[in-house]
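The chain that follows stands alone, in the form predicted alone, written as structure tokens.
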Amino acid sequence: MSNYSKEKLHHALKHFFGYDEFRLTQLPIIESVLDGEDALAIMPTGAGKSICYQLPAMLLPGITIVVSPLIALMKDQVDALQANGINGAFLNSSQSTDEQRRIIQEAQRGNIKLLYIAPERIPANSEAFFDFLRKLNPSLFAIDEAHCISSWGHDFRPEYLKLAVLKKQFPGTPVIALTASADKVTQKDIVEKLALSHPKIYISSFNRPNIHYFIQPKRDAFRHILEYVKKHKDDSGIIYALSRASTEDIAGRLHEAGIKAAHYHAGMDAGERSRVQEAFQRDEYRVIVATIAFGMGIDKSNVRFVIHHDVSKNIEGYYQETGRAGRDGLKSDAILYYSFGDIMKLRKFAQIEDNPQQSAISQKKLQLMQEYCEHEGCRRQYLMQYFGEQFPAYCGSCDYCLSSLEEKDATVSAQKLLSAIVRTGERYGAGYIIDFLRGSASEKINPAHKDLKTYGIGKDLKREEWQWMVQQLLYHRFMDKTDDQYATLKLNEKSWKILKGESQLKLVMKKEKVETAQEEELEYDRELLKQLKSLRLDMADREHVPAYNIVADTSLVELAIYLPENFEELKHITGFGDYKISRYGANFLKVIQQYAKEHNLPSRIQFKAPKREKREKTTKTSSKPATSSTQNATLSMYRDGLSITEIAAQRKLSTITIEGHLAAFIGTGDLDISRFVSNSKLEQILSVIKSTGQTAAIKPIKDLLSDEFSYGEIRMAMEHFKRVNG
């Protein structure tokens, strides 16, 4: 067992990094490392993997060596460490010989706690290099992006195969391998190829609840992207495209439309890539358009959206790319524009010359990516199940779950499609059949086929509608396709019954996506937040670091919510450790105090969730569901006699959000539902809840009730039902 108590570890977390709580599996991972054990940590992007080795580095003697594949990521990590008062440094090819020599000397003097190096700097056989490491007395090796060691992974890097030498040269030094995504085969590869000794494997939830997932048909994609970016004019985002030319084209068109955008790909000069990346980190560019294959390799916490103009080549890559959004925990969007044409392009790239095994792996992963895009169900559930994690069929934050569904009779259209397949001999793929149905004049259409009665009978539907029809028939097994390069469409027993009129076909279709009605807004003074962001940017410019390295957006939002008046109250704000309070606290407090004085606003720090020790004590003595500080603030105002509308106006929130706050207290029994919902309405809502068994998702209940029932009433009735029925 570790010599470090949980209390000491929590104190170190707050002191160095400003957090009150460990997230997911951070604590047991850190305890394993401090016990001298090897570990494999699989945690979602943005969940705090770096804390798992950075905190032990501060407690262990000697230096921690971090192997990282990306120069940009190294710099970002080191900037973040230095902003917390921690001595970190990196060695890579971007530095001059003199700069590298200075860092090596500082490390040898014991003045550096974390040293980041690229995997290619570690030779398989070099006594001089290992003598250098022995002089540093490393207490821990951390291998970041560990999936790069596996040829089964989505981002294989041959230079990672040499890293097993670390364990062989330093058998007594613990090694922690970290990655955001690795299936069981990749996990086994990581353990074996790093020569880890009986490692403990920690797999956190892959769910990123703050990311909302949307798949949209690729129709006039740029126009939709431009509309989205203009609507989110204060947000940073990344747009991924398949080719270098596409990144330049999209970025150029955005720039012409008045958006501060730039492109980023491997064909650019290294200095230019570095300049663009740093400008993006400092919010000088709002949008970066990057190639999917090259990626960004940054740790920018306030990216609010990731848009895929083209499809990713596999789900692991897509998951990591979307994970660049919302690393600070705030709501963010992941939008992918899908077309089957992109899949066809990627199939060519998935063929790896003289490597049939790797080609087969890449093709299979691409097929699963296609299935995800065409899946008629909750996006989040599909992603979670892909990584082996169970998740309900309704998340309430993806394009499927946010859409109204309607059932339509598609028999006639399906008969046209199936007839076309039969008439052309069941020898063609979806693209040809759709062109045939729509009466294409293309030379690729067999002249003999243009004389068939079915030629052109599908002009009433758009190409995308026929593509959707094909996807649905295949998904529901009403039609087959061959599993080869050309994917020919074939009829099966179900198909023939539909074609002969012996059975009908009803398909569930999505209506236009709607915004989530129960989405909560952030409860903060927006003008104050604007002033705090401006102050942060000034400090960041003076220190030549990204603004989010001073403090994250989440910290600024908390400042604007709780209005701390002094240094003691500032300690309760997430992200403010002892170093940041001493370095930046006075400047932030000055702005807050001035704003509060002008608007006659008192500190709200009493509404901040109590510290960990107090919460643990409460949970032992109370069986009531926990309520948050912001919910408590709403309850206090309601008990003071304010109406829901008045509370919403004063707190600058939607009435739906306030109703949600009060619903929580119906669940605890502190409020009676009869104050908000009439008996007749309550009976109808409860009847639907009982018949469906749905007690979590509001929208399925709303769809079964008339328009006179509000989301707030349904949420309150749900809380009442759960309390009464235990």
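This structure is a prediction, so every number in the text was calculated from the model and none was measured. Residue numbers here begin at 1 and follow the sequence given.
Note that the form predicted in complex with adenosine-5'-diphosphate (ADP) isn't included here; everything after this is about it.
Among heavy atoms of residue 44, some come within 4.5 Å of adenosine-5'-diphosphate (ADP) in the model of the complex.
Using a 4.5 angstroms limit between non-hydrogen atoms, residue 16 is distant from adenosine-5'-diphosphate (ADP) in the model of the complex. Put simply, residue 23 is close to adenosine-5'-diphosphate (ADP) in the model of the complex: some heavy atom of it is within 4.5 Å. Taking non-hydrogen atoms only, residue 342 never approaches adenosine-5'-diphosphate (ADP) to within 4.5 angstroms in the model of the complex.
The stretch among 62 to 70, 667 to 675, 653 to 661, 49 to 57 whose residues place heavy atoms within 4.5 Å of adenosine-5'-diphosphate (ADP) in the model of the complex is 49 to 57. Screening 327, 308, 147, 263 for any heavy atom within 4.5 Å of adenosine-5'-diphosphate (ADP) in the model of the complex leaves a single hit, 327.
This chain lacks the partner; the member of 299, 316, 333, 435 within 4.5 angstroms of adenosine-5'-diphosphate (ADP) in the model of the complex by a non-hydrogen atom is 299. Residues of 643 to 657 are not found to place any heavy atom within 4.5 Å of adenosine-5'-diphosphate (ADP) in the model of the complex.
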